[in-house]
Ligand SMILES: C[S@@+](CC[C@H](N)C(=O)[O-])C[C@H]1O[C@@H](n2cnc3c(N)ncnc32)[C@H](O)[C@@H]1O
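Only one chain is given next, in structure tokens, and it is the form predicted on its own.
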């Protein structure tokens, strides 16, 4: 019960923090669009596939994901922030995209209409650090699906005070800004062949793996 209440509080913190930044999010995210596109490329999307955008924010990944799966494919997405999701909804309406399914809900409870062939975790730190969220998502992914992840991390421990920088950059957006030592490990336990490289001079990372063929025990 305590863990459930703590997570509800964390979700509310995240919603409030994104409410304050939703209006200017797209402009600020332009700086990291090359990294977003690089991460999406790791999914090696093919026409007709079903891809999931985890914590989709304002839907900035929708267009490149649609480019990958084509008109016959499907982009699925969810976002718990009502303020961010409203921008994603408006983006889909403006573009008249008919192959985007998305909803405003939390990662711990989202129910997907189909199993995903590929999954994008792009800078969704609080989701990546929540076992119930990762387990719920990954249990709805096809075995062998490609999983691509991008996010922030701490520099090596011996850099000491330098790690104040990623903490400060993470804090305005996330409820768990200090949990940056191994922020990928909950996702990695669901994957085979998980590989990771550092980005942003060591303050970030991108990674890729394949969803294991066998079931993983939920944590």
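Since we're looking at a predicted model, the values are computed, not measured. Numbering follows the first chain given and starts at 1.
Another form exists, predicted together with the named molecule; not displayed. Remarks below refer to it.
Enquirer: Looking at heavy atoms inside 4.5 Å, which stretch does the named molecule contact in the predicted bound form, given the options 92-100, 118-126, 139-147, 67-75?
Expert: Going by heavy atoms within 4.5 Å, the stretch is 118-126.
Enquirer: Whether residue 106 contacts the named molecule in the predicted bound form should be assessed with a 4.5 Å heavy atom distance threshold; does it?
Expert: Yes - in the predicted bound form, heavy atoms of residue 106 and the named molecule come within 4.5 Å of each other.
Enquirer: Residue-level contact is defined here as any heavy atom of the residue lying within 4.5 Å of the named molecule in the predicted bound form; does residue 36 satisfy this criterion?
Expert: Residue 36 belongs to the contact set for the named molecule.
Enquirer: Look up in the predicted bound form whether residue 18 has a non-hydrogen atom within 4.5 angstroms of the named molecule, and give yes or no.
Expert: Although the named molecule is absent here, residue 18 would touch it in the predicted bound form, with heavy atoms inside 4.5 Å.
Enquirer: State yes or no: in the predicted bound form, is some non-hydrogen atom of residue 183 no more than 4.5 angstroms from a non-hydrogen atom of the named molecule?
Expert: No, residue 183 stays farther than 4.5 Å from the named molecule in the predicted bound form.
Enquirer: Across 64-98, which residues bring a heavy atom to within 4.5 Å of the named molecule in the predicted bound form?
Expert: 78, 79, 80, 81, 84, in sequence order.
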